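Let us start with two forms of the same protein chain, each given on its own as structure tokens and named structure 1 and structure 2.
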Structure 1
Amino acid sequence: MKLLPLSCVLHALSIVHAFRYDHLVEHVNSHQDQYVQALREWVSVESDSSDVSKRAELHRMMEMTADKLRAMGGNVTLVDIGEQQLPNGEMLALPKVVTAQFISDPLKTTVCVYGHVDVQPGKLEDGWATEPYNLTEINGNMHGRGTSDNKAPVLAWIHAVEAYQALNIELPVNVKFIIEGMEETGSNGLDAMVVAQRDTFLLDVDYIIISDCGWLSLRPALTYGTRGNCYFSAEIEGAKQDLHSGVYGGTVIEPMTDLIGILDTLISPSGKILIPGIREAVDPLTDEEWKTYQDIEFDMENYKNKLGVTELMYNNKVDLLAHMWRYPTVSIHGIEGAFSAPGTKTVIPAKVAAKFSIRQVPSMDPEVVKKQVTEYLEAAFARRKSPNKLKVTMVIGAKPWLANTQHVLYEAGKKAVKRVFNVEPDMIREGGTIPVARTFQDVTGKGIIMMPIGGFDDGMHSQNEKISRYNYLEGTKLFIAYLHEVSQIQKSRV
């Protein structure tokens, strides 16, 4: 926060920078087809950061993002953040991080919008109803991989700046962008960049805004916490190549049997994590939290219907929300190296690697989790007395994040939501992980807010991901309004 000398304030009042919200809204409404076209172009790029064979597309996506911001007159840099080491030892260039600056007045408040333009894997054969990389609008929903997570929100922020520019209204605050391309695999390389630019690019940033999440219901929400993500690979290797299960079955100790055996020790049927130390590290639920959760608008039946399930892990709202947001959980995602195609292959896979992750919560440390999981699985494997080889690796160790909901940023957020949607937002947490939130918090000490615009049913990470045209447009308006409300924080402090 900067304290402005009175002379500056007087000068600022004399120039044209009125907040003509209605004009801005009109501009957004009349440009919606251009916005959809921009999203279509971005979605057409298969910027899957987890699939190294798609790396060229990811590089292209970063260049497109930089080009877009440059064309708007931003001061754009593509920041080299180095290489990643692949499991086979090879080095692969990370996608550059795009930074951009739209500085209308160095004396104004400066916000930095963080987003990402990489996406989860998406293949038609996974059960998509439409081509994942061909934006397809059905009944007001625009389907495509990466629409809601996170390309449309990033574009909405860009459109918000464009709208001010188009109407020759001075930006109420300076706006910076940090757009990365490795979020879906743990923001590899970004932490180091944030540390490196703390005293340069980030020095004059007052607040950081993240719009990489979704609402809980039809009611708009502000998000004040995320879970972390410790993503593991447990690989078991036996024979030097796959074997015919008829010819060799019964003579060899099969890696799949070993792997199933150790995976089955991770979590109980009722959802209890069985790894010693994990549950003990979790903060107890406070009465205040209980009250907050109790007050949140959340329809259990609606949630079940949306998912298409008859029962949930917990049958009351508070337990369910608590286990969605503030308790850790284990998910087993799949097994690499085993037979996964349709049909019948009679194979004993030689090397199989299970992928599973633990969503951890504020008082848990990824490095401790790594040790707990590794030792636990190694002990379970040792009990089997198998001659096969086990290798446990933590491939992502992203930290959770928790904000103070009394912060001025959240007060400003509530005002912006009220202006655009005419309701009070739900104050929610997010079960998923935005790895960089915690880093921004730890490294810069700046205020951070998460302001989602994704719908509760957008299907991030699943088939048929979408964002509605409504959320995309109203989200753009929300961001326009929020830039104004943030500028008012400064004024109220002056």
Structure 2
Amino acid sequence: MKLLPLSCVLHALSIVHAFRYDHLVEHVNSHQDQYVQALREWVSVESDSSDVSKRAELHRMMEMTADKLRAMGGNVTLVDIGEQQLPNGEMLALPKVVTAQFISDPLKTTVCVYGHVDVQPGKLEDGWATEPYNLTEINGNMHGRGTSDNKAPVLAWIHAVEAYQALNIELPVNVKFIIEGMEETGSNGLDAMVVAQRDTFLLDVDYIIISDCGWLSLRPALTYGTRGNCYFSAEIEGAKQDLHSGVYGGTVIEPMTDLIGILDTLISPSGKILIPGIREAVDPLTDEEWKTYQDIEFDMENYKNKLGVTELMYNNKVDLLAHMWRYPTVSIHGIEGAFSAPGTKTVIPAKVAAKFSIRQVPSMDPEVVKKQVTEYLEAAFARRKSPNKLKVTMVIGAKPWLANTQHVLYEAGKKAVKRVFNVEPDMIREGGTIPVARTFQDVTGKGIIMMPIGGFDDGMHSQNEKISRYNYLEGTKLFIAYLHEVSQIQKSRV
């Protein structure tokens, strides 16, 4: 049996005795108004990464994040990740990625927390009940664009570190941050940065934590998988300019008609994907998975009511969760070039482009999906014998991610949830995509956990996005407890 130095044993024991959870909780409770004010300030920044006219606001958001971490004594760097090329050929600077480090004790485990502070678009005229960039609290829910996705979770991690500092309690682990500003548009430039930092900033990282997702119900959850995202544009071009439908209708083959026709071949009314090779690539549902889904707390009637629909695609919990998490889906998002403004306009668009995506699962590869979709649509278009021109482009090819739920990170997560919420967490997957998770996994080989604090009804990406004050504060306590539990992984190795 190999004996470790006494200093290591004493160091591990000191971590156990130093954990003053009740004091840390009291600090969080007494500082909740300051935490809400910090969120209010961050939400007021229109850090919409999809709107290039808001790029200055995005740069400001990254600077605010860096300033916050510097003020806490973190070793902060703003990493330049280059430029992006706009459709018109113009080059635009990407927002710098914020990295930070708090303490660097070689005897301690090192965790790296990933998050993002860019947001989806938000406009009052889109159906918001409150101003999207003015944090508004109603019945304990704090509404504003980016609250749940992902500004409050990032701040909760920062507040967790701050709480230890404020009480002069040594952090039980070394904590690093990677916070980006382009997640909502595919994390441009981040993959290259992760590769470049593999042997420097990420070299001593033991575990990576992501809190960019939400619970499935009122029960806290730990997330162990996400789907990928293959996002496509299918463009059809006809005449050299838009045409008057009264003058030219009936004389030309209209691009919009062609586009609707080929889109209709993608998926059946029952949700079956019709592209050959997609469904065949999916791993079958195992008995163990079936039981896991069956045991998850999930109310289908509440789910329907929340969505405002009368019928779902599937009528039992297991099928619905499986198709939400571990089967691919096709979604058609919109048509560019089509008339969509109020009023009437009798025009035949000369060029239209459909935007659609396929959420793919771990056994699927984006490059293979790209080939399958392109060849399938080209064949469907050829059968129409149209003189128009079709161009299919895959805009995003983000890979799925899946973790081992038996990993020590998840055991520590269960203990932290039990301490804070006094329940066992649901073990869930996420239907959306967090591109960097797979990148971290492939590049670093480190253990990764997703630890959400967002509510099931937060409306991420939707109108009236919110996070509850309860989830924000209890989430901060969860992160405080989790840092302690992760430090015990090191102790168990000793």
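Model, not experiment: these values are computed from the prediction. Take the two forms, superpose them, and find the largest set of C-alpha atoms that agree within 1.5 Å; that set is the rigid core. Residue numbering: sequential along structure 1, first residue numbered 1.
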| item | value |
| --- | --- |
| Structure corresponding to the form predicted alone | 2 |
| Large Cα move at Glu170 between the two structures, threshold 2 Å, rigid core | no |
| Glu90 C-alpha moves between the two structures by 2 Å or more, core aligned | yes |
| Post core alignment: Lys304 C-alpha displaced by 2 Å or more between the two structures | no |
| Core-referenced Cα shift (Å), His244, between the two structures | 2.6 |
